[in-house]
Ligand SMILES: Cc1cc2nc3c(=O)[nH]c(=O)nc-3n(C[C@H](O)[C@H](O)[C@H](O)COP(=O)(O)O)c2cc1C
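Consider the single chain below, provided in structure tokens and representing the form predicted alone.
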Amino acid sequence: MKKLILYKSGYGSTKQYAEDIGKAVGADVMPLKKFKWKALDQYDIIVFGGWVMGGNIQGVNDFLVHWEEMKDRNVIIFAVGMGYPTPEGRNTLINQNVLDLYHIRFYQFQGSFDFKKLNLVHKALMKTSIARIARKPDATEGDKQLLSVLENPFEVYDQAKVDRVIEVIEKIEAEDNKA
């Protein structure tokens, strides 16, 4: 089975995950914007990874606009954000990005974050979001931890999630080989 991994990365974590998964399963890996959609027919398993900003998976709409061409294939989407993956966060991403309309496998990864590396627009958005969180009377512990990200960059690599996506791809291939 031929595999394709497309990604849209903001600051590097999504690209790293896409490349590592692609290397492990022998997939073609490239940024979403460079992919020529007429080549889609040659792929059986299609993976898309996008970074999360404001609850929106960047690039997912540009990917899913081609759903009719992909719907009979195995499609996996993963989203990479700075927050720790939780069932509630996963459900929010699914709902906010309307992923429940599609027959896909979806995984939520945590990425690294360094405020100093953000561009000016993203810095302003982040400061606004953090100020809003600071004023929330019902802020959760996770919300409160976000308040420290302006001064404290963090490096995260979610090997367990990478392994899970690799395992799913290998299982799809094994099932196909039985048929």
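One rule holds for the numbers: they count along the sequence shown, beginning at 1. Here the structure is a predicted model, which means the values were calculated and not measured.
This next part talks about the form predicted together with this ligand, which is not shown.
Student: Can you pick the one in M126, L40, L147, M30 that has a heavy atom within 4.5 Å of this ligand in the predicted bound form?
Tutor: Exactly one residue meets the criterion: M126.
Student: Within 4.5 Å, heavy atoms only: does H66 come near this ligand in the predicted bound form?
Tutor: Heavy-atom contact with this ligand at 4.5 Å: absent for H66.
Student: Find out whether any non-hydrogen atom of G59 is located within 4.5 angstroms of this ligand in the predicted bound form, and reply yes or no.
Tutor: Although this ligand is absent here, G59 would stay clear of it in the predicted bound form, with no heavy atoms inside 4.5 Å.
Student: Wondering, does Y11 line up within 4.5 Å of this ligand in the predicted bound form on heavy atoms?
Tutor: Although this ligand is absent here, Y11 would touch it in the predicted bound form, with heavy atoms inside 4.5 Å.
Student: Can you check whether V52 is within 4.5 Å of this ligand in the predicted bound form, heavy atom basis?
Tutor: It does: once this ligand is placed as it appears in the predicted bound form, V52 has a heavy atom within 4.5 Å of it.
Student: Name the stretch: of 31-39, 113-121, 133-141, 66-74, exactly one has residues whose heavy atoms fall within 4.5 Å of this ligand in the predicted bound form.
Tutor: Every other range fails; the passing one is 113-121.
Student: Going by heavy atoms, what in 68-89 lies within 4.5 angstroms of this ligand in the predicted bound form?
Tutor: Counting only heavy atoms within 4.5 Å of this ligand in the predicted bound form, the contacting residues of 68-89 are V80, G81, M82, G83.
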